[in-house]
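One chain is shown next in structure tokens, namely the form predicted on its own.
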């Protein structure tokens, strides 16, 4: 998908981020800008702006909240990298690698605080609820590494909280700020766009789990196979362990529980995942959620913004990074 068509919107987002993060001490604010300066598609603020337009609103109505959502997202990336000990993000050293863990933690906290300072009052509760659920989802994700047996249902609830709720908050907030029809009505524009955001969020994380195994490291912007090294219980892992038996299953379980896996061990696990059908299963599952997302937009009036949202849904499962 060509994101150049959104350059005017994204330029507004970038400018507003810099305005929001202009302060001192300079080192702290530099750390908070480190990842935003490194690129990224900024899908979440874009979804907020497009959802606003899709119900007849102006991007000016949603810009501050769109930026707030990107600040929350960046806050989660900084803290995730610290917890996961990941040293690379978006092809640059992680914030804690450059600035040290104490400043990185403060930079994340600053982003979180600034998000609520600039957000529109109509959406503060939505963002606060999403932020709380992200923390719950992250704790679930970490606990799964020690849990051994994790069900698909548990995994889906974890990614709903850890990933999908922020995309849902983006589209729901955009629809509210654009004047979408009453959000208490299940057939309303706000509800439809909320469902769209939730489902592309589910697909986004499942596709991310596959990318972690198969993507080119330079395109992905972080080490490939890091989920295996960290012993994460992704849907790929869950499905593979259901399908594998005997020695092959034991090999996967041993490597997932082992620290400092070699490239050969990671390659072995990826091959067994492919042979078990788990990667195909996850791709099909991601496509299922994308179909739900697109169907949620059926009743919206035709517009360029609606078409863009449909295209982004397709991009979610076609992306290589």
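Numbering follows the first chain given and starts at 1. Everything numeric here is computed off the predicted structure, so don't read it as measured data.
What follows is about the form predicted together with a further copy of the same chain, which we do not show.
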**Request:** Considering only heavy atoms, tell me if residue 296 and a further copy of the same chain come within 4.5 Å of each other in the predicted bound form.
**Result:** no
**Prompt:** According to a 4.5 angstroms non-hydrogen atom cut-off, is residue 140 in contact with a further copy of the same chain in the predicted bound form?
**Reply:** yes
**Asked** Should residue 79 be counted as a contact of a further copy of the same chain in the predicted bound form, where contact means heavy atoms within 4.5 Å?
**Response** yes
**Request:** Report whether the minimum heavy atom distance between residue 136 and a further copy of the same chain in the predicted bound form is within 4.5 Å.
**Result:** yes
**Fill in**
With the partner omitted here, the residue among 214, 98, 118, 88 that in the predicted bound form has a heavy atom within 4.5 Å of a further copy of the same chain is 118
**Item:** Answer option from 232, 73, 161, 191, heavy atom within 4.5 Å of a further copy of the same chain in the predicted bound form
**Value:** 161
**Message:** Looking at 237-245, 203-211, 163-171, 104-112, which stretch has residues with any non-hydrogen atom within 4.5 Å of a further copy of the same chain in the predicted bound form?
**Reply:** 104-112
**Item:** Residues in 19-58 with any heavy atom within 4.5 Å of a further copy of the same chain in the predicted bound form
**Value:** 24, 25, 27, 28, 29
